[in-house]
Ligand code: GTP
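Next up is one chain by itself, shown in structure tokens, the form predicted on its own.
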Amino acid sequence: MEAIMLAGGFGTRLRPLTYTRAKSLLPILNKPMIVHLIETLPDEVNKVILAVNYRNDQIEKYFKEHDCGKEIIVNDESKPLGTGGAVKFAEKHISERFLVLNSDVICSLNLSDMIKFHIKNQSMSTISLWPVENVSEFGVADVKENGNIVDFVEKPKAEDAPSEFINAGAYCLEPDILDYIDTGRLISMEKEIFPQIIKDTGRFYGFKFEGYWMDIGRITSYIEAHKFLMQKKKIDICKGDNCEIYGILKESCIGNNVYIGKGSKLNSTIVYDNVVINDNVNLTGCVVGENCKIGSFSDLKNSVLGDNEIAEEETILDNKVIWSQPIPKGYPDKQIGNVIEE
């Protein structure tokens, strides 16, 4: 069985971290986000097709150097194709029923159970469903008691919502669905293809699951995902190799070759590899990119330093993004073809 993982986005809401790396390679607990997803795949999935565009060379390099126990195919799109276009572009690698997964979602979905549900209902398309309180911010599924979805209502008022369930970004699909998708253009599976499947076949189902679901789309959710997974693992810090820590860390994750000086305090902060944090530095709710240096007596809150940035001594930052280098050519100002909208 194959799984297509949508990993072509620029991750504009996570800049400047994504100025220098593919979004799907952003580390979560010092392991690329996409690897967390691969590890959730059932044994029957033996081939993973990565739909990539931006920074595809980084993704190819990573999977050449790391064995994830599955055959990995990097399917490079010459231009962003959206969810539907990416699926169609992977058609030559599809031989049977297949999964489509959004690479920036961390959740408790049991994919084996979802596949069984799909087969039991003889579904053409089954999507994961997650309950939310703020239905007015999402497309909401009109789902019957048996799981059959008959419609989607876009951003309804709370009193008009047909349910509390939204598309959670994981799909189990029959190969016939490929016939519905045009070749070579940006297509939204959610807006163009799914409504047609509902209309033509009625064999469109939603699989509800419980536990947790996090769309890693913003710096705040990126930090919260770290904190949640550390709590789940019952650890207060996560650290890489060759680190020298003389300060205090709480609910924080640091990479390899990190130095933290005396009197420094890190709270709810993520630090990448090869970073120097000098004495008496306070970091709260921050992300510090690779090869950064932070001078003594600095105080940073809810701020992000891109790779290779330097914060001089006594730097004070609150809710700031630091990037002093050129923005990569072709990097967009806004999102392109997202799977899950907020």
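So that there is no doubt, residue numbering starts at 1 and follows the sequence shown. Only a predicted model underlies this, so the values are computations on that prediction, with no experimental measurement involved.
Same protein, other form: the form predicted together with ligand GTP, not shown, and the subject of what follows.
- Just one listed stretch, out of 149-157, 77-85, 232-240, 176-184, contacts ligand GTP in the predicted complex at the 4.5 Å heavy atom level, and that stretch is 77-85.
- Among C292, V45, V52, V281, the residue placing a heavy atom within 4.5 Å of ligand GTP in the predicted complex is V52.
- Although the partner is absent here, Y19 lies well away from ligand GTP in the predicted complex, with no heavy atom inside 4.5 Å.
- Although the partner is absent here, N102 lies within 4.5 Å of ligand GTP in the predicted complex, judged by heavy atoms.
- Proximity of K320 to ligand GTP in the predicted complex falls outside the 4.5 Å heavy atom cutoff.
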